[in-house]
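So this one's two forms of a single chain, laid out as structure tokens and tagged structure 1 and structure 2.
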Structure 1
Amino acid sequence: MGRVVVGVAVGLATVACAVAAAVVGGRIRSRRKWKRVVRVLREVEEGCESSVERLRQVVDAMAVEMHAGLASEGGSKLKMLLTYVHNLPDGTDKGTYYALDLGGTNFRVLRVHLHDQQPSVLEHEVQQQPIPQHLMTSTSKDLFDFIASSLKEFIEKEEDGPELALDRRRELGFTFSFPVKQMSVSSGILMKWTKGFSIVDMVGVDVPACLQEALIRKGLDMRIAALVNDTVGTLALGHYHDSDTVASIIIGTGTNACYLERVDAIIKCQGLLTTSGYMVVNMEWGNFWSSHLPRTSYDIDLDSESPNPNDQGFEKMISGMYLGDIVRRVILRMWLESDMFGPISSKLSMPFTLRTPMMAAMHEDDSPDLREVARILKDILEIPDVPLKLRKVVVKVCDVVTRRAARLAAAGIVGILKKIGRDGSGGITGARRSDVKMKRTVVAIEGGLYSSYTLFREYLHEALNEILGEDIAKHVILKVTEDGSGVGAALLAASHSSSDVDTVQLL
């Protein structure tokens, strides 16, 4: 009997030891996994580091690339495209003008009424319509006949009736948000398609001429007064409301910038004259690149797997199209390194499953248990039951990626200001001068990443203050505009209408 008791006791002790060993082993493995997650997070933080010193290097690099792009074609990653827009609206125009905004899978037509007594847009009407999928790969005639028919229907809805409406000559601003080599304020050759369009017979062709022919075929007496992209339209709208506006930034799904440049600084087009002495330059800044940009392995992988590798490098680090996917890639790496997020989800391995609005919602989740983070991880990435401490890590990843993007966008803005002498440096690279008198400087800004994402906006402003210093930064105002691609294009139709003399000349 005694031996049996001893045997049972030994057996129980052995089991207890085994259980204890399993528990201890489990804890050790869990700690190791956690350390791997933390290591990945630290690597991301270090890779995305954007100190003010580094940001000022990016500022200088942006200004240098701008100079190079103005000096010669192909001299810089920045295309620095001439827009031939020289007469920005200032509130003195009056009448009714139209805009056509073609920038993606939808297009819009607008009618803008300008008051004849004070500088304000009294009223504008908008109609939006999707472009049928087959027309995105059809012919230029099919696409623009469809658009012209829709424009005609829109005009026929005017209060004074279809007969009078169609007989009256109209001015149209045409926003075409694809890469174009501008030939004049109202003409431009399509360089390539993006955003899912592939109409072969239009590449290398004057885009407004195609639209103008379609308008004629539909019996519309309408003149295309200005061909612009959304960034130029935003600058026009900003300048209409505030004449101190010198640049505009789009930062939403994509990103771009344009600004007002002295024509004598546009060396690659010597002999260019305008009555104002200035011209709007479309930077196409999404393609900016510098070795000073804090690039990580996640950025490299995203770029190599994209349809346009080694292209649009700046855009891939700061725009809404890509931020969510960078975060997804980091989470995937954490899972591969640690297995702490549970069984692998096929959605986690799928590019662009996590869109930036969802990422922003996780980043700005202020609930104590991060319920929104848990919901998005479960519903979007199909990762259920993520522990709270891992949810906190996800929020931190969102913060690191967003902060880097906002601070780089701020550096880009200061780079523009440096180029035009509005950064307080007096044109001295990497310097600050106390004797430079700062002018009030307004930058029009549009896009959901800035207007709707509070933390992104706060990080951008914080970086502006750090780079410029508070004494200079207080003279720089970022003003949100709405619908520069629509209303702004109509305003440019007004300021470049047929009643105006074309004042762009080449000597």
Structure 2
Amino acid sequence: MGRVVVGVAVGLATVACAVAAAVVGGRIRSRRKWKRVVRVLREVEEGCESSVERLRQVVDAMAVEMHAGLASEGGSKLKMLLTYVHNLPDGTDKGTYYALDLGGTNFRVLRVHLHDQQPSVLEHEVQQQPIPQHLMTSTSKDLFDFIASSLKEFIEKEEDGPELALDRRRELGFTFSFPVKQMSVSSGILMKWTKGFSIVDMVGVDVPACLQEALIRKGLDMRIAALVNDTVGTLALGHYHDSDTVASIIIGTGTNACYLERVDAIIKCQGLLTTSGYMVVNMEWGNFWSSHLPRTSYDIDLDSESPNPNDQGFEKMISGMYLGDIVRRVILRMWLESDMFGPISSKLSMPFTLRTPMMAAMHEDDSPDLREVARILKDILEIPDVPLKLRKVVVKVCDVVTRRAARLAAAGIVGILKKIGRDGSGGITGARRSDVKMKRTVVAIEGGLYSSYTLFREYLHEALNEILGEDIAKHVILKVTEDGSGVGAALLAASHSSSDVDTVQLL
């Protein structure tokens, strides 16, 4: 009997020891996993470091590259493209003009009325629709037939029926937001695609000619009076409302900037003459590159797996097309190193499953238990039951990636201001701040990242203040324009309409 009791006691003790060992082992393992998650987080934070000192280096690099891109063709990754827009609309044009806006996730058709009143009044109707995914990689004919049909439907609807709609010639501004080498304000060839578009037969082809052919196929009599980048449309509308507007920025699916440059500074195009002495230059800043940019292994992987490796490096760190995917890559690394997010979800390894608006929603989740974060992880990435402390890590990752993007965009803006002598430093020659009288400087801005993502906007403003100092920054105003890329194109169509042609001369 006694032996039985001893045996049971020994057995129980062994079980207890095993349970205790398992519990302790489990804790140690989970502590180790947690440490790995924290290590990945720390590495991302370090990799995305964007101190004001580093941002100032980016500012200088941007200004230097702008000079290089203006000095010679191919002199910099910044293409600094001529737009042949040299007089920005000032409210004197009247009439009704159309615009097509193609370049991001959505496609817009607009009708803009410039009323014969003083002060000038502008009204517009707009119709927006997503671009069907398959058209982004199809043929130019498919894409432009779709665009021309949408335009035709819009005109018929807006002008009370097909008969009235199709019997007179209309002027059209065409916003095409990709790098285009322009030959005039209304012609230009596509240099390359960005933002996931890839229609091979269009590269090297005259873009308005493709549209014109599709308009003819649909029986629409329209003259493409202006071909503009979205930044240029935004600058045109910004300047129309506020003549202190000197530059414009887009931070949406893609990112870019344009600004008013003195014609004599465009050295690569000797003999260029314009009535104003200025020309709008489309920087294509998405392609900016500098060794000062804080780049992580996630950026390198994203770039090498993209359809355009080594291109659009700045855009891939800043714009809405990519931010969500950088965050997804970090979460995936955390999973690979620690498996703390539970069983692997195939969605987590799938590029672009986490779109930037979803990432922003997680970042801005202010519920105490981060309910929205849990929902998005479950519904979009198919990772259920993520514990609260891991959800907090996810929010932190969103914060790090977004903060870096916003701060780099701010540095880019100051780079432009520096190039045109509006950063309070006396430009690239660096006169003393106290010698410089700051002019009111307006930068028109558009794109969902800036207008709909509060934390992004706040980080961008904070960085502008840090780089410029508050005394200078107060003279720099970022103004959101509404539908600027499209409305601005219609304004430019008006100022370049057949009745109102003003040419640029090449001596």
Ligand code: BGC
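Please read all numbers here as calculations on a predicted model, not as lab measurements. Throughout, residue numbering runs from 1 along the sequence of structure 1. Only the largest set of C-alpha atoms that superpose within 1.5 Å between the two forms is called the rigid core.
Only structure 1 is derived from the form predicted on its own.
A two-part rigid motion is described between structure 1 and structure 2, in which the smaller part turns by 16 degrees against the larger. For V109, the CA shift between structure 1 and structure 2 after superposing the rigid core equals 3.2 Å. On rigid-core superposition between structure 1 and structure 2, the C-alpha of G219 is found to move 6.4 angstrom.
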